[in-house]
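In structure tokens, the next block holds one chain alone, the form predicted on its own.
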């Protein structure tokens, strides 16, 4: 049971919620998404285009992945052709295009989770609520969801998420809360961990952001094979570079920081 919750989610914000198992995180996200209604108080200002990825996704549906997503797209107001086009686009981005015509009930847990994520992204929601949405995804799909989150916030949408991995979007969120007892407490931001390096050494930083994003002024890098940008800087300057990346709008997601041999 949650009481006395006061949570503001402005447009373009990325909000992380954490807490122990059974503590009320999923309940809070369902209230934010409008799946459940509060017994007391109210939730106001929720945008009409709100999407939700549940912790457990129902897969026993008499539809193929593509037909299910096309149907959901039409529910969101898209025409049939546009809904099908967007569904195919997102399935391809998440590495599930080969399962477009597979019945939902026959999908693996990982692929059904990709479909769950795609249905939430189809119509470009203004509020995206993710409850352990990365769980069950392969590495490529997890990275793709990271980028999709960056794209939505860059477009002015708000994203509220829960994930069991403390490194998920670490240092990127605009607000961070923990469910404690029946309430919600703010969590102080934690600076990214940078490995100890010898004086005069170099550090390689891999970072990613929404497509079309440019590095902040004063930084330069080269594209990596996985869509990330690779920056090589003096170790003495690495803290400054990390702060600049994380403080950019939209923020960059720092994937790895490593000392060069």
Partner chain sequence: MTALLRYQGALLLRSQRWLAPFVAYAAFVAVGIRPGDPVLDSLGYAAAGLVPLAAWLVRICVTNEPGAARDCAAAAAGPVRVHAAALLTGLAGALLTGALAAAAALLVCDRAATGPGAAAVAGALVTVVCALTGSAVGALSGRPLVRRRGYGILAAALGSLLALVLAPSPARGAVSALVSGARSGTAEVPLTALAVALALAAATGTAACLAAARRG
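Everything numeric in this text was worked out from a predicted model, so none of it was measured. Numbering follows the first chain given and starts at 1.
Unshown form predicted together with its partner chain; subsequent notes refer to it.
Enquirer: May I ask you to check whether residue 35 falls inside a 4.5 Å heavy atom distance of its partner chain in the predicted bound form?
Expert: Because a heavy atom of residue 35 falls inside 4.5 Å of its partner chain in the predicted bound form, the answer is yes.
Enquirer: Might residue 50 be said to contact its partner chain in the predicted bound form, defining contact as any heavy atom within 4.5 Å?
Expert: Residue-level check for residue 50: yes, a contact with its partner chain.
Enquirer: Look up in the predicted bound form whether residue 75 has a non-hydrogen atom within 4.5 angstroms of its partner chain, and give yes or no.
Expert: The answer is yes: residue 75 has a heavy atom within 4.5 Å of its partner chain.
Enquirer: With a 4.5 Å heavy atom cut-off, would you call residue 62 a contact of its partner chain in the predicted bound form?
Expert: Residue-level check for residue 62: yes, a contact with its partner chain.
Enquirer: Since exactly one of 111, 119, 173, 153 fits, which has a heavy atom within 4.5 Å of its partner chain in the predicted bound form?
Expert: By the 4.5 Å criterion, the partner-contacting residue is 119.
Enquirer: Can you work out which of 178, 71, 89, 142 has a heavy atom no more than 4.5 Å from its partner chain in the predicted bound form?
Expert: Checked against the cut-off, the match is 71.
Enquirer: Report the stretch among 159-167, 75-83, 133-141, 92-100 that approaches its partner chain in the predicted bound form to within 4.5 Å, counting heavy atoms only.
Expert: It is the stretch 75-83.
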